[in-house]
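Below you'll find only one chain, the form predicted alone, shown as structure tokens.
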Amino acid sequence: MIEVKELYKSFDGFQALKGLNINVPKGAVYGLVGPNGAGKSTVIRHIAGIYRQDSGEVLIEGEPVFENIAIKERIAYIPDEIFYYSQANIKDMMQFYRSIYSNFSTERFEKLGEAFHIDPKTPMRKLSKGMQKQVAFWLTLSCCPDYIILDEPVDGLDPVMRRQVWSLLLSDVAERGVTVLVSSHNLRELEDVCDHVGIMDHGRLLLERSLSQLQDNMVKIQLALPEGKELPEGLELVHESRTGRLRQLILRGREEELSAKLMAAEPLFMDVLPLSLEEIFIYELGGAEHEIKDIIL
């Protein structure tokens, strides 16, 4: 389990994290989402043991992460920008990882070569960004970590390789109980793989729930009411748009209860539509600062 408790961090007077609290269950695939500048990469670097917090705690299985070799040996971290030694080839980097991670499996490294199809003698500097990212996953999975921390993990990968990488990661989650924390702006992809989601903004956590709870607590409904009819009272309306008499409502609550309330208004037409994680993200952020603005050019 990963626990972040009342985490504060500032850089040159800028408060990046403001009492952040996160709980990632063991064996979960946890998606950390938020707008640019929310503090996602900052908290990820704390969890990976790179940054020391100003105050608060960052714990894995109850132990502090920073400068804890025993814990960090069980963590693998893939940042957006991949690190490699300038003169190293893939095999050199494999030997480097093997010297750090006691659970590194050379046998698994060789087996995973069948999935990535890259010659281990290839210099890292000659690989494209996408191929370097493939190598990062190849090495990470060969380390057999208990915790995998990913920051924009599949950026630069083609669709086939994205699917291959997620398949390998989810196999480790299912078979070895690996815990995966992933930050990404690709919410459609996270929706397919995550079972828990945390939404950040301005260095704080807005909410943290299982994906099923998140989807059960907000509903999108299209309806048309008879002339003169109004919406029933007691609805928690998050957003409304209209096209003629057709109204699209984003409501907080459970589908069954909301549908029953709206039926009391005798709608001419009503349909409940699925909400994507991207829509939930936009409506949960809310506020004027995150509204999509119409700008006349």
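From 1 onward, residues are counted along the sequence shown. No experiment lies behind these values; they were computed from the predicted model shown.
The form predicted together with a small molecule exists for this protein as well; it is not shown, and the discussion that follows is about that form.
Annotation: in the predicted complex, residues Tyr85, Pro123 and Gln132 none come within 4.5 Å of the small molecule through any heavy atom. Using a 4.5 angstroms limit between non-hydrogen atoms, Gly39 touches the small molecule in the predicted complex.
Though the partner is left out of this view, Phe66 does not reach within 4.5 Å of the small molecule in the predicted complex, counting heavy atoms only.
Interface membership of Gly56, defined by any non-hydrogen atom within 4.5 Å of the small molecule in the predicted complex, is ruled out. When contacts are judged by a 4.5 Å heavy atom cut-off, Pro35 counts as touching the small molecule in the predicted complex. Look at 58 to 66, 227 to 235, 264 to 272, 41 to 49: in the predicted complex, residues with non-hydrogen atoms within 4.5 angstroms of the small molecule sit in 41 to 49.
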